[in-house]
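Consider the single chain below, provided in structure tokens and representing the form predicted on its own.
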């Protein structure tokens, strides 16, 4: 029997918009995940430290204040340095300031090392389905 997949959720940097993370965390729990909620205004390093301690399979970051790109520069590299090269990284929300083409935003965050990038209106069922598929692909579900 495989272990219950563990995920870390929270908002990054100075982002205090925690409602999206709360909704995401609830949906993940209902879908069978062990969720560690870090809450709001979480430094990138804390996501990594908690992921190491809990041996979590994925980090899901929500951001609405538009500065996540600055907050998360070098994040994937720091994950690798911490021994988390296989951790699944998802991010969603308002990921830039002002109007931006989502395809361009998605490219930026994929270049930063995120496996999936979601717009603010993302369907949570699709996010959870994507996560299960990514975990299966790694043999973790």
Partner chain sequence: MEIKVKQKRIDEDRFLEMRKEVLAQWPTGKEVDLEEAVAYQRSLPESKNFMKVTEKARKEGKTLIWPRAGTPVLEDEIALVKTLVDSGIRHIPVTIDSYSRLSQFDKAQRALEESIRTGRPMLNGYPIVNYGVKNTRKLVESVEAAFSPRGAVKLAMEIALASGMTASGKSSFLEFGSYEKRTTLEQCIEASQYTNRLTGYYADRGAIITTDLHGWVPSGVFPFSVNIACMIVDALVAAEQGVKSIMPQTHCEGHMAQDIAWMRLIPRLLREYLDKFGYKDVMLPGILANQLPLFPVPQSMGGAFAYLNYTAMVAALAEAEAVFVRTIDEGAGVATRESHALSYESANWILNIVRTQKIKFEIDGVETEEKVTEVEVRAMLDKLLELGDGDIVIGSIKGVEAGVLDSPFSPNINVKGNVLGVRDITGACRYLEFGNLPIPDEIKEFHREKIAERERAEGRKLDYHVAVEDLWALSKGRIVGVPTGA
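Residue numbers count along the first chain shown, from 1. Being a predicted model, the structure only gives us computed values, none of them experimental.
Another form, the form predicted together with its partner chain, is not on view; read the next lines as being about it.
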### Message
Within 4.5 Å, heavy atoms only, one stretch in 50-58, 63-71, 82-90, 110-118 touches its partner chain in the predicted complex. Which?
### Response
63-71
### Task
Spell out, yes or no, whether the shortest heavy atom distance between residue 31 and its partner chain in the predicted complex is within 4.5 Å.
no
### Task
Give a yes/no on whether residue 99 approaches its partner chain to within 4.5 Å in the predicted complex, heavy atoms considered.
yes
#### Entry: residue 127 within 4.5 Å of its partner chain in the predicted complex, heavy atoms
no
### Query
Are any of the heavy atoms in residue 38 no more than 4.5 Å from a heavy atom of its partner chain in the predicted complex?
yes
### Residues within 4.5 Å of its partner chain in the predicted complex, restricted to 6-20 and counted by heavy atom
14, 16, 18, 19
